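Single chain ahead, written as structure tokens, the form predicted alone.
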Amino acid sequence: MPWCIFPADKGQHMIRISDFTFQYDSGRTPALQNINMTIADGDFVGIIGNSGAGKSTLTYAMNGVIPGFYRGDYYGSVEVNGMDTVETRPEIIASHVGSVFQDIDAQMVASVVEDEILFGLENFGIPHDEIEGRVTEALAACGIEDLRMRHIDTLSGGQRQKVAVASIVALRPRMIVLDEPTGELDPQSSEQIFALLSDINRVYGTTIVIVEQKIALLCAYARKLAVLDHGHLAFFGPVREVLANGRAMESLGIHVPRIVSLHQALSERGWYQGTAPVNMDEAERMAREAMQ
């Protein structure tokens, strides 16, 4: 059985955003301005930026919440798996793009883990004979089989996040968009969520787009990084290439990982000529080479 309901065509971009500008009806200035970016099928993209930079608005454009539910001045185009979000019903977009929002508790609709996963499947009209297999598969994919009959209010923050992801995984979307899923989690739980998303991306080829404030953790897993600044896309590309602009990012008020700052300092002094490290193992190798 295929993982996703609607697989992307070979070589097709999962997301294509062209000259996109959006201003909420209640806003005085555009939340996003002239955004151009493409996200390939199967990619893992992180989105960072200061408060008010437009991160959540960008995810709303990707999952059809804009223009499906938020109204405003809309210019340019956003395509999801070849579908224009203006011309496509929100429920169709939701079949391709699963969303995990910032407030997990507000997203939960059931009191028991199994019922939470069942809700989405039944709501999307998944055939009854497929439901049991999908629930079991999603629980296994997220490593929470033992939580199946647990009451959600007895779970830890990390466990609730995994349940939220499992409820989306059960729908087999082509893409999952997450808005700061580790915001309320401790370092260990945050690492577990990223490891889970990495496994889903690697094993099933699911496109992952994630807004995250823990930049060092994000850079260790993501393959591409988008940096937003006051509604503008300041940088977008492979993580190492974006991190090479550490000084410019700091000028925007973005606190880059310490290993990136160290790389900048060593490079400026001519002590190291390699690319920016994205994890501690690479940082250790960089420091050893610089000391030789």
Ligand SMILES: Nc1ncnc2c1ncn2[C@@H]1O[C@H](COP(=O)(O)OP(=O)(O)OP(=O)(O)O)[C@@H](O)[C@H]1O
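Rigid core: the largest C-alpha set superposing within 1.5 Å between the two forms. Please read these numbers as outputs of a predicted model, since none were measured by experiment. The first residue of the shown sequence is 1; numbering continues from there.
The form predicted together with this ligand is left out here; the points below concern that form.
> If you check Glu137, Glu180, Glu191, Glu116 against this ligand in the predicted complex, which one has a heavy atom within 4.5 Å?
Replying inline: Contact residue from the list: Glu180.
> Of Gly54, Pro257, Gly64, Gly46, which residue is found within 4.5 angstroms of this ligand in the predicted complex when only non-hydrogen atoms are counted?
Replying inline: Exactly one listed residue reaches within 4.5 Å, namely Gly54.
>> Within 4.5 Å, heavy atoms only, one stretch in 260 to 268, 37 to 45, 244 to 252, 22 to 30 touches this ligand in the predicted complex. Which?
In response: Selected stretch: 22 to 30.
>> Even though the partner isn't displayed, in the predicted complex is Gln102 close enough to this ligand, meaning a heavy atom within 4.5 Å?
In response: Heavy-atom contact with this ligand at 4.5 Å: present for Gln102.
> With the cut-off set at 4.5 Å between non-hydrogen atoms, does Phe235 touch this ligand in the predicted complex?
Replying inline: No - in the predicted complex, heavy atoms of Phe235 and this ligand never come within 4.5 Å of each other.
> So with the core overlaid, does the Cα of Asp103 end up 2 Å or more away between this form and the one not shown?
Replying inline: Yes; that C-alpha moves by at least 2 Å between this form and the one not shown.
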